[in-house]
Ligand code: PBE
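Here's a solo chain for you in structure tokens, the form predicted on its own.
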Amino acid sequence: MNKTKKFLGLGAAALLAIGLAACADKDDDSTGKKDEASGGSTTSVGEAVDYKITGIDPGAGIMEATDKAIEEYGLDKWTVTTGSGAAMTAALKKAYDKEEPIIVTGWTPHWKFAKFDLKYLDDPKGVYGGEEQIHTIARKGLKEDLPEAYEILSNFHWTEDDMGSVMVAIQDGTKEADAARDWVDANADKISEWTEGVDSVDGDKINLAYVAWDSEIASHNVIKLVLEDMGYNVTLTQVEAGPLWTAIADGSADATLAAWLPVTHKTYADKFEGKFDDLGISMEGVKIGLVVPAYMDINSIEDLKE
């Protein structure tokens, strides 16, 4: 009887060992790939994220570029979810906190690069283009109707660090207008460059349109205060990219600081060519593409085919 108990004990131990080995074999790491040292097969990044790229609003140029990337790279199994910029960053934070795999549409400048350790996937086919610029564009006739505002908007230029400080402050809980005011008050020299030689006005109205990207929320709240300090009555109107360009072209909005060129908003720039004035570049060296947490073992869009 003692021998029987001993035999059963050894059998239970063996079964337990087999069970633990099976569990270990199923345990994938945070990159979506199984530990190759175990000798098991690998799980692709696509399988780990259900072949899903987390996107933003469907009218954004980055979404059009992502649809093109799926086609150009032959990612037949992949889809792009639509939503808002806020929904995208919420999904990113949730995955990042758990060190889970996720792929999102991303752009810089954006506060998420200051909060999380992220990287762009290489784009060897150049679907997302190289470095872009953010342009300020205005409706036809603004120069004649509101020459002071036109001059200030033409002079507007700041850096990624400038914008980033406003975006991070907002994400940390500061109200948008307060974060903008803090930056304006701390950067009097830069503001004076934008307004040098420009006369104040007495309540002239101006309507600025913008998309709900964190970068554009920052820039439009700053320029709103600058224009108000010069005597303007400023209205900010939030729309998606398509309606934004339409509003500038048909004159229902006066200007926007949110024209990303030459790739992100190329479709709209081509469509409305000749129906808007380009006042110049407000920021250089911006970028769009597919972004993943740095802990993921993937470096190129081409790797998504695996």
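The first residue of the sequence shown is number 1, and the count goes up from there. Note that this is a predicted model, so its numbers are computed, not measured.
Unshown form predicted together with this ligand; subsequent notes refer to it.
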Please name which of the stretches 46 to 54, 259 to 267, 246 to 254, 277 to 285 has residues with heavy atoms lying within 4.5 Å of this ligand in the model of the complex.
259 to 267
Given that this ligand is left out here, which of Y232, W213, W158, W194 has a heavy atom within 4.5 Å of it in the model of the complex?
W213
Using a 4.5 Å heavy atom cutoff, which residues in 50 to 65 contact this ligand in the model of the complex? It's fine if the answer is none.
I56, A60, G61, I62
